[in-house]
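In structure tokens, the next block holds one chain alone, the form predicted alone.
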């Protein structure tokens, strides 16, 4: 049976859909991202295009999309590696993981992570990857633990939403 979704890096043709999906993610899960909806939404079209263009440097800096067979975006995750810095090129960072509410529980986040981890190791040459997860996002935390990420610290009060602080759990995986 064919998978109801497929994973691939975002390409130029995905720009508008990416912007809309990113806005959905920032709006529906503000405690999960360092960016916020209002700031992202207020960027000019040119600024959004330039940010998106920076994600076109596979395998060192990219965003993956999870797409339905009809081309709708249902999930995303980003990866960055400072490959030009000799002392830091051995590590990568996962950011921006999000799966839309109706599509959660279908293995999409796991598939996004598997693709990212494989690309980080085989294509970017990374030895380990880092990520942070909101202490309030227990489903994501448990997913990361399930696929062999471990905690190496906590950034207390990492984010501030109105008058509420959110801690971020720092996690990594050796590849």
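Residue numbers count along the first chain shown, from 1. Since the structure is predicted, the reported quantities are computational estimates derived from the model, not experimental observations.
Only in words, not in the display: the form predicted together with a small molecule, which the text now covers.
Asks: When the small molecule is placed as it is in the predicted complex, are 7, 63 and 80 each within 4.5 Å of it, taking any non-hydrogen atom of the residue?
Replies: Looking in the predicted complex, the three residues 7, 63 and 80 all stay beyond 4.5 Å of the small molecule (heavy atoms).
Asks: Could you work out which of 55, 116, 124, 133 is the residue within 4.5 angstroms of the small molecule in the predicted complex, going by heavy atoms?
Replies: That would be 133.
Asks: So in the predicted complex, does residue 91 come within 4.5 Å of the small molecule, heavy atom to heavy atom?
Replies: No.
Asks: Considering only heavy atoms, tell me if residue 67 and the small molecule come within 4.5 Å of each other in the predicted complex.
Replies: Outside the cut-off, so no.
Asks: Counting only non-hydrogen atoms and a 4.5 angstroms cut-off, does residue 109 reach the small molecule in the predicted complex?
Replies: Taking the distances in the predicted complex, the answer for residue 109 is yes, it comes within 4.5 Å of the small molecule.
Asks: Does residue 73 reach the small molecule in the predicted complex, with heavy atoms at most 4.5 Å apart?
Replies: Output for residue 73 is no: heavy atoms all beyond 4.5 Å of the small molecule.
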